[in-house]
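Shown below, as structure tokens, is a lone chain in the form predicted on its own; questions about how it binds or moves come after it.
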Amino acid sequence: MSLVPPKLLQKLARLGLSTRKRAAGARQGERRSIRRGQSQEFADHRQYVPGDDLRFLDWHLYGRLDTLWIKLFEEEEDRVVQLLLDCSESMEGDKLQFARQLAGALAFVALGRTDRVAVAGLSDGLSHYAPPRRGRASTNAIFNTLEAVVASSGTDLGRALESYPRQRGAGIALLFSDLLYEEPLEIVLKRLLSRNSEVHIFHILSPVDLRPDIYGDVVLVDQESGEEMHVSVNERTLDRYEATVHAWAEETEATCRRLGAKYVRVPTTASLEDVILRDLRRLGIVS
């Protein structure tokens, strides 16, 4: 069974990942760069210096100013779309599966526009990594890599990012995570932004994250640390918990906006098609 339904892939075929800024890529492609190159899109002039290519002299400007000027053009380059999946143990189950599918769908979109796509699984270190691939022919390889990302170990995204190879040029970093870790999100975001990437955070939440299906006297066990806590749960406790989770999610969204990252809250019960074709379109992440 395909990671992403074939019928959805057909609907995604003409979409592209949007970007808010120009960036210098590493290889030639479709996207407009801040570098000056030799495409057909005129950008500016600069004065001629010995050694410049004479084919780009502007003879009309020479006739008016009696000085030599070189025509500059926009260089079209690609970018790296980085799929960063939190694969700590708290993601095990429906959250990681939804993250794989959403990442796969966005990878398919990116591969159709000459972008290169890299995959990394992040837990308390770099647990999975596949270097950038390019072109729709790489779809199956990307999907296989995503399916190989399994939940294991604890969470230390800061340490994992230190092991994650820096990509040449700039691009888009897509982080898929439940954000359940002790390190402040602000530190993780600043590390990603320092790599000259546009950052999108996909906050993956399951129904039990929002309101656990438990009642009475129970023992809660931290899935990653094994720490136990004895609690008595009733409707009032669940209401307070749910309100706390929503407040935390709103604070997280505010932090992302303040630092210049886009935030998308994604419940695992959502339709993958609706998330991409409705929500991400509305937010301007795909177009």
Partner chain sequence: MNFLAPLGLAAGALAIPLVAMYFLKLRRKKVKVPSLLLWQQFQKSEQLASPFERFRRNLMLLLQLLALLLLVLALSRPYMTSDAPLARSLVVVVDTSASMGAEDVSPTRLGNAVERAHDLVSSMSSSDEGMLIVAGPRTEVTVPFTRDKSALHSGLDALVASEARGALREGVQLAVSMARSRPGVEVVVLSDGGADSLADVPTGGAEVTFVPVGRSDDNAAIVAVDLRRSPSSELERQLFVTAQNYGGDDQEGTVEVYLDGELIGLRSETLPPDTPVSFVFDVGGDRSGTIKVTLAADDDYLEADNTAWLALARLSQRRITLIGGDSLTARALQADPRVTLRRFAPGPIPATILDNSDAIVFANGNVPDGLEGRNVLILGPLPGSKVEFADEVRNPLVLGWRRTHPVLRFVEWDQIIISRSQQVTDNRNLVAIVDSDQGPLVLAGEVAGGRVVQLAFDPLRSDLPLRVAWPVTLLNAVGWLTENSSTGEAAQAIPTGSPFVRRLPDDTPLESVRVIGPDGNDIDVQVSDNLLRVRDTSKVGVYELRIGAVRSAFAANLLSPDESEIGPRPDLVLADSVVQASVGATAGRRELWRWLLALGIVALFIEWFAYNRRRAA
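Numbering follows the first chain given and starts at 1. Quick caveat, the model's predicted, so the values are computed rather than measured.
Absent from the display: the form predicted together with the partner chain. The rest refers to it.
Enquirer: Can you pick the stretch from 157-165, 135-143, 106-114, 201-209 whose heavy atoms fall within 4.5 Å of the partner chain in the predicted complex?
Expert: Only one stretch qualifies here: 201-209.
Enquirer: Within 4.5 Å of the partner chain in the predicted complex, heavy atoms considered, which of 126, 150, 193, 180?
Expert: Contact check passes for 180.
Enquirer: Heavy atom within 4.5 Å of the partner chain in the predicted complex: which of 254, 54, 221, 65 fits that? Just give me the one.
Expert: Partner contact (heavy atom, 4.5 Å) among the options: 221.
Enquirer: Looking at the partner chain in the predicted complex, is some heavy atom of each of 268, 276 and 283 within 4.5 Å of it?
Expert: The answer is no: none of the three residues contacts the partner (heavy atom, 4.5 Å cut-off).
Enquirer: Is it the case that residue 60, even though its partner is missing from this view, gets within 4.5 Å of the partner chain in the predicted complex, heavy atoms only?
Expert: Judged by the heavy-atom cut-off of 4.5 Å, residue 60 is well away from the partner chain in the predicted complex.
Enquirer: Going by a heavy atom distance of 4.5 Å, is residue 214 a contact of the partner chain in the predicted complex?
Expert: Because a heavy atom of residue 214 falls inside 4.5 Å of the partner chain in the predicted complex, the answer is yes.
Enquirer: Using a 4.5 Å heavy atom cut-off, state whether residue 48 contacts the partner chain in the predicted complex.
Expert: Outside the cut-off, so no.
Enquirer: Residue 259 near the partner chain in the predicted complex, any heavy atom under 4.5 Å?
Expert: So residue 259 does not count as contacting the partner chain.
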